[in-house]
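Two forms, one chain: they're shown below as structure tokens, one block per form, named structure 1 and structure 2.
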Structure 1
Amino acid sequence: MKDNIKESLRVQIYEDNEELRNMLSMLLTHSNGFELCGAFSNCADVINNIAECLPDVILCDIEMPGVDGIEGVRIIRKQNKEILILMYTVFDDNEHLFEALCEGANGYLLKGESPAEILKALKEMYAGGAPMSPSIAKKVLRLFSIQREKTESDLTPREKEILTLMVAGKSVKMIAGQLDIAFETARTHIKNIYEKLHVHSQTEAVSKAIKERLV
């Protein structure tokens, strides 16, 4: 999680639709606080792209010719655990959603969201959140709640509550506000969650929660 938003976030795009790719490029180029550092039609050369463009965040489609978005996330995570990846796709089905998150995506936004929502999601992700379109967040929570009684873990009820909010894409500040607890208290709970799950970041915690049905 970053302590402060940078003056200008460097964003790299992966989108095979040329018209949409150009629209997204123009949006980032002409929006204060953002800088377009690269735009590509697929993830075939994603590691070299990152090395050359040095993005802070990646906005990535799923279905692309050649190397698609989910495979791109998989390739990135083998070498880079820190870079932030926001999936931007038409797919709202469980298979694509959970595969993307389990491979290490930090957020999941459906195409059709407004330009303002795209920019908001990129900022929120850089600030430590895991942004999702509302319908996606509801789906994630609904599917996990079905499995809640079947799961076992040493997390306390409060830690499970916080982990559920993390899965829903809430940042530390948002969690503290929603639960009416101090920011530092929320951070302490999250630190304990990381220790119990043997992870080091919100992305890893969410991924493990998904894979092991912890919330």
Structure 2
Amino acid sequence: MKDNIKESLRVQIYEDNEELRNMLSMLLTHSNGFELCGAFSNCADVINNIAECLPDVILCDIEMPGVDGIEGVRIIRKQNKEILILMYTVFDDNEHLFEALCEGANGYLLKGESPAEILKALKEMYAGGAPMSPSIAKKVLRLFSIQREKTESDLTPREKEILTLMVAGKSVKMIAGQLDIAFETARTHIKNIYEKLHVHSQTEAVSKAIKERLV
């Protein structure tokens, strides 16, 4: 939601390289619609920096001496879920990327993006988006498709249904009740499931079902 009165986006910078930090500062101070509110060389004092300057968004490198960017995000998110954080880094490996996203970063740009792209990303983030460099977006999407190989089990539909209820924590009695079948019928299905999965208890079955994505 954009505020008519607010004329510019308040941006705070964290970047250890002085040259780049100055360049980014210049970029922001001289671009319409942006306002620089602080530029720091690491996240050591990030809570105070935010409290003093009240930025809308944070542009944050990852590799920095002292408190790094990911640790910075962690610290910020412990008490502030609202402020927007755009990672800006050379790291394009999965580890840094997913750690940053898990801690609550709102976007992830690789160094190498043009100044115009940086400004666009900051705006996009403020408008409710999640800007990512193309190769980063691809890595993120790939996460969804790679894992999908659900092991082919020869469970019947009914058995799958019952296994699902077991995974949900239901007892035999509850399963029978919910599916409107006799207790002994539910048990028969469960026994067949155990045989097919080569397990001997509900917890084992549930564990295996989850590990092998059978449900």
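From a predicted model like this one, the values you see are computed outputs, not experimental measurements. Reference numbering: structure 1, starting with residue 1. In this text, rigid core is short for the largest set of C-alphas that superpose within 1.5 Å between two forms.
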Matching structure (the form predicted on its own), either 1 or 2 | 1
Kindly check if the Cα atom of residue 182 is displaced 2 angstroms or more between structure 1 and structure 2 relative to the superposed rigid core.
-> yes
Residue 168: Cα shift of 2 Å or greater between structure 1 and structure 2 (core-aligned) | yes
Could you tell me whether the Cα atom of residue 205 shifts by at least 2 Å between structure 1 and structure 2 after core superposition?
-> yes
